[in-house]
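Below you'll find only one chain, the form predicted on its own, shown as structure tokens.
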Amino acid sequence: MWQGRFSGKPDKLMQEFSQSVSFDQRLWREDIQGSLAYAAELQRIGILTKRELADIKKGFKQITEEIESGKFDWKVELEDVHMNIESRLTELIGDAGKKLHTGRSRNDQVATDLRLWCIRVGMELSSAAQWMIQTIAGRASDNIEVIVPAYTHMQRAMPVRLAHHLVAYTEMIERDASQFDAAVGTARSVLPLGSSACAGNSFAVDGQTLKLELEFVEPARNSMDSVSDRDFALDLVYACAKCMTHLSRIAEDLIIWSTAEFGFITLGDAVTTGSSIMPQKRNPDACELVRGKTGRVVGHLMSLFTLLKGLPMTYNRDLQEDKEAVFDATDQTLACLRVMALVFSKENFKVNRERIQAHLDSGAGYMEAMNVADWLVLQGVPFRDGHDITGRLVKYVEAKGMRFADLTAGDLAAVDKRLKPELLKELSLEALVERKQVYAGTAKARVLERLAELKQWLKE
């Protein structure tokens, strides 16, 4: 490739050090897609003949078949995916292959390829997020009647429907799906092809034609920016890092819920493993691996930021290092979304209703206390006074080793005369849950409404 300028060859160590084909070969499909569009434009302006364009199309068809069948010979000495494909095309069709790079640089070529790849993978990530939402919504619908403790500061706070808790997860992942869609939009917004190395194309290629062929929004407005811009990659990896953070939080809940101390759920054999020494163990490995991989993906985001922060205009070889970060971040996020959807499948997510009820019946956490404060407000007692009265009632119950369920009218009167006997029938957790009738609340009707909205959103 460099014979015209250099008399010697790169050292073998340098070849190995500088090559990227070992990882950027996964851009081959996008490289061919972009090259076909560019070849058509070269034919339109008279650089290629119709016969040469037909030969290029035929050559790319054969290369596609070779790559898909595993017969393509990727060569380290050709550095990257672009030169490997161009070299093979020239072997197959001769001089027409040599003409393909006319006016084009690997700088605008790789920027285009990577954008096309991010568009495709971003759409896959969005679809995987939607599938996870659908799976979780299914488990929420199955468990609409189940009440569980909600926690703040990892202390029992208020009762909520399990379905309400699960729908909270879908809110997080719905935002992620939207973020993936936005990242796809960023990648599609500008087409670098035609910018050449940094100054623009020397031939009359039409950016408007190219952008229509490759389904971009606009051709690049500045050739220098377009070949060195990787904001679209940052946006996609940021979306991955945020999604993984959400998945890690969800995984942590499931790990806690599946412990013997909680026992709220049992995870299926398909997403758990045993111990090499303790035969009784059921380890939540799927969730633990998701939690662990989160740091890896967040690290890729930091790697990209650090890579870009000191680069002068325009393209620099440093940008070769962007791909492994993007590839691995998206690979891991896509795998984790799919695995977490498997975790929430009907076969692998068993809710232990009796164990949950036993936790609630224990009265631990005094979650019924909020009922008392709310009831007092409805009787005309200022909330701060009601808060004080309820706090004294909790202290009373705690001192006597009682549950709220054990309270009598005499106990209520002993704490404060404003605590009337009719309060006793308001102390159930079900009553407290059903009091949350606002749009975002945990009352049954509200949760069913949200599930219906989710179902509609998934159809759109």
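Just so it is clear, the model here is predicted, and its values are computed rather than measured. Don't overthink the numbering: it's just position in the shown sequence, from 1.
The same protein also has a form predicted in complex with ligand ARG, omitted here; what follows describes it.
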From the list 291, 359, 106, 387, which entry has a heavy atom within 4.5 Å of ligand ARG in the predicted bound form?
-> 106
Of 300, 82, 161, 115, which one comes within 4.5 Å of ligand ARG in the predicted bound form, counting heavy atoms only?
-> 82
Non-hydrogen atom contact residue 99 with ligand ARG in the predicted bound form at 4.5 angstroms | no
Using 4.5 Å between non-hydrogen atoms, is residue 110 touching ligand ARG in the predicted bound form?
-> yes
With a 4.5 Å heavy atom cut-off, would you call residue 315 a contact of ligand ARG in the predicted bound form?
-> yes
Indicate whether ligand ARG has at least one heavy atom within 4.5 Å of a heavy atom of residue 93 in the predicted bound form.
-> no
Site check 126, 174 and 178: each within 4.5 Å of ligand ARG in the predicted bound form by heavy atom = no
117-125, 318-326, 130-138, 204-212: which one contacts ligand ARG in the predicted bound form at 4.5 Å, heavy atom to heavy atom?
-> 318-326
Going through 22-40 from first to last, which residues have a non-hydrogen atom within 4.5 Å of ligand ARG in the predicted bound form?
-> 24
